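Presented below, as structure tokens, is a lone chain in the form predicted on its own.
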């Protein structure tokens, strides 16, 4: 039996902008998806998805998931007509929009395949396979989610030919709360919407994109200096930019505002938007618990985790 793991993630700065080469900052979190691959009878492949999930998430993503697995198998050079397999997904990362669930599963599957078939794939090649799998979910993914899922840690990411990835070192991990709207988001539709509006209103969008780029550099400096207060302020600012390009929604804005009122240093949507998750910067267990409880008190799910792990 081959085994693999892929980390969940939160994008701290510049989801959507990253698609256009604007620097983004992403952190893996201390929750992960695991995959096992074992030989089976018959032909082809089967999938047993045991992940805890936002209601409707797995059903809505099923066709995308099938395409994703097919892409990974093809990229790995595995013919399941000759080598039938059963894939099982599990782990403590909730399958939900905005926390890199699809990328974590792609990475875990790629690692499990490498393990079972003795492919000896490097992390770089695992990342390539996971990116190929992400195409099934996102059409043209930026590559940021699978990079975090593969390597872990805190990452400065710039999309390009090739993508640029640098590790950001911080003194110690910081507690965050990830609040789940319960809405399953369609990332493909969100990305397409930004592209459409950017073409329609180039002047407005170019200004926002330039501001987002400047903000990313400020955020990196603040993280490296461990100026958590400043990091929070910049998260608030980044959320405004994401609202301006119309990828937030009423539920995300509500949770962001709620977290700030409870004392979060900063809060913003994270991931594709139009549902999914938000993230609040809550250094210290006490503040983390206060914000998480407030989110849960309103009937939403809250994930207590850390960035920079």
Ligand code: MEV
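Positions refer to the first chain, counted from 1. Because the structure is a prediction, the values reported are computed rather than measured.
Another form, the form predicted together with this ligand, is not on view; read the next lines as being about it.
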query	finding
Close approach of residue 138 to this ligand in the predicted bound form, 4.5 Å, heavy atom	yes
Contact flag, residue 144 vs this ligand in the predicted bound form, heavy atom cut 4.5 Å	yes
4.5 Å heavy atom contact, residue 191 to this ligand in the predicted bound form	yes
Proximity of residue 272 to this ligand in the predicted bound form, heavy atoms at 4.5 Å	yes
In the predicted bound form, the residue from 150, 181, 238, 187 that sits within 4.5 Å of this ligand by heavy atoms	187
In the predicted bound form, segment of 64 to 72, 264 to 272, 33 to 41, 49 to 57 with a heavy atom within 4.5 Å of this ligand	264 to 272
Partner contacts in the predicted bound form for 13 to 33 (non-hydrogen atom within 4.5 angstroms of this ligand)	15, 16, 18, 19
